[in-house]
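Only one chain is given next, in structure tokens, and it is the form predicted alone.
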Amino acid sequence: MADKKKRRRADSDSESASQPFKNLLKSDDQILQILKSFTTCFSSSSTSKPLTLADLALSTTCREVSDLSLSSVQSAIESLVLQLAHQILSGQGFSFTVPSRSSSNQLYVPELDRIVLRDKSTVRPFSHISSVRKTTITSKILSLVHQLCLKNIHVTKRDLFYTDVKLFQDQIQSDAVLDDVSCMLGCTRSSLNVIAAEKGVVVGRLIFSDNGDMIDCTKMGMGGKAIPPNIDRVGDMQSDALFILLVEKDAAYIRLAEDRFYNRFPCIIVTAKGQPDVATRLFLRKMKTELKLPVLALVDSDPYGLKILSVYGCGSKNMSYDSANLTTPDIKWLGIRPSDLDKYKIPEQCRLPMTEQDIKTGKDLLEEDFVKKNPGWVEELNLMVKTRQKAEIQALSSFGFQYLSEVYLPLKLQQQDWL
């Protein structure tokens, strides 16, 4: 009998050693109570109407787009073509006036906590050798979008590219002009009926309708439900979740989905499997707005993890013209943070040295206004640059493949350890 007790104690000690800090965990019921209090406070503070660009008396004029119906997009294209015809007939030549999306034309607005586009434009003349090809691409994209309006159908960006591969040469070029066309017409990119291929997935305590079909995300298996590429198909969101867990990597998402973490701690888990795509950004914003749930982010402890988090929260410079629709404000940085490497005793062999490019990216981020606004982010980034160390979420697997779902995340939630 005494031997059995000794063995049990030895097993317990061994488990504590292999899974550090597990002994600090409270019961699941206690952690759930902490989460419920946090979610209640968050929901009550989310009832006020969010600020818009129109509410602010900015000294700089800024440009924002809005969702337009297909008929409105069609009318806008036809008006633009008529304007071009008058321009040519009056002897002014053929040129497009295109809103500038360069870095110098971006503005971070602290009150909105997002990047917006200033109202500066450039002229794209057909007669100039440096812009003739881009002007031709712009004309082609406008023509194709007009066809979509007439037929009332959706196509992918890849479909658009393959309508004239020799003209576009590279999909990056057709994608860039598609964003230009959105700016010119004053509409969101989804209003053009051009979508990206499905990339993001969602699993957990969420029920929603997809084009009339009710989807229960607890019954989608380990792979989850692909996020619909056109957000206008999504409606009737229902959930008993306490928070939304935004995960950077597919590997971490699969771990949490297989462990059914969302049943232990009611949540919705979403990932874009790396760089955020438009559909996932729109879907995340819709969930937070309609369900009034806090969003906690789990990203790698490197400059690119923080960049990905900032795209969800403050917007990308490439699509700053549509930041009002694509950003999800007040996302909490849950982990993996640079301070976690020592705090959770991540082994040295699981840490990676930062490259010179990593360090440069980190220092560049420290100069960004959206980072400076958050002292906690600045402190963590400074620590990362100083130690020259980074780590992926998977570094936690050194303590066991389920350490992420069994210890790290529960302890983070218990301690409300987020920025």
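All residue numbers are counted from 1 along the displayed sequence. By rigid core we mean the largest C-alpha set that fits within 1.5 Å across both forms. Computed from a predicted structure; not experimentally measured.
Form predicted together with a further copy of the same chain: not shown, discussed below.
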### Query
Should residue 89 be classed as touching a further copy of the same chain in the model of the complex when contacts are defined as heavy atoms within 4.5 Å?
no
### Query
Is residue 79 close enough to touch a further copy of the same chain in the model of the complex, meaning at least one heavy atom pair within 4.5 Å?
no
### Query
Heavy atoms within 4.5 Å of a further copy of the same chain in the model of the complex: does residue 124 have any?
no
### Message
Can you work out whether residue 186 and a further copy of the same chain are in contact in the model of the complex, taking contact to mean some heavy atom pair no more than 4.5 Å apart?
### Response
no
### Query
Is a further copy of the same chain in the model of the complex near all of 66, 307 and 342, within 4.5 Å of a heavy atom of each?
no
### Query
Which one, 70, 350, 32, 53, lies within 4.5 Å of a further copy of the same chain in the model of the complex by heavy atoms?
350
## Note on the structure
If we test each of 218, 318, 139, 74 for a heavy atom within 4.5 Å of a further copy of the same chain in the model of the complex, the one that passes is 218
### Query
Only one of 114 to 122, 99 to 107, 286 to 294, 220 to 228 gets a heavy atom within 4.5 Å of a further copy of the same chain in the model of the complex; which is it?
220 to 228
### Residues within 4.5 Å of a further copy of the same chain in the model of the complex, restricted to 153 to 190 and counted by heavy atom
153, 154, 155, 156, 158, 159, 160, 162, 163, 164, 165, 166
### Message
Once both forms sit on the same rigid core, is the C-alpha displacement of residue 287 at or above 2 Å between this form and the one not shown?
### Response
no
### residue 260: Cα shift of 2 Å or greater between this form and the one not shown (core-aligned)
no
### Task
Please say whether, between this form and the one not shown, the C-alpha of residue 149 moves by 2 Å or more once the core is aligned.
yes
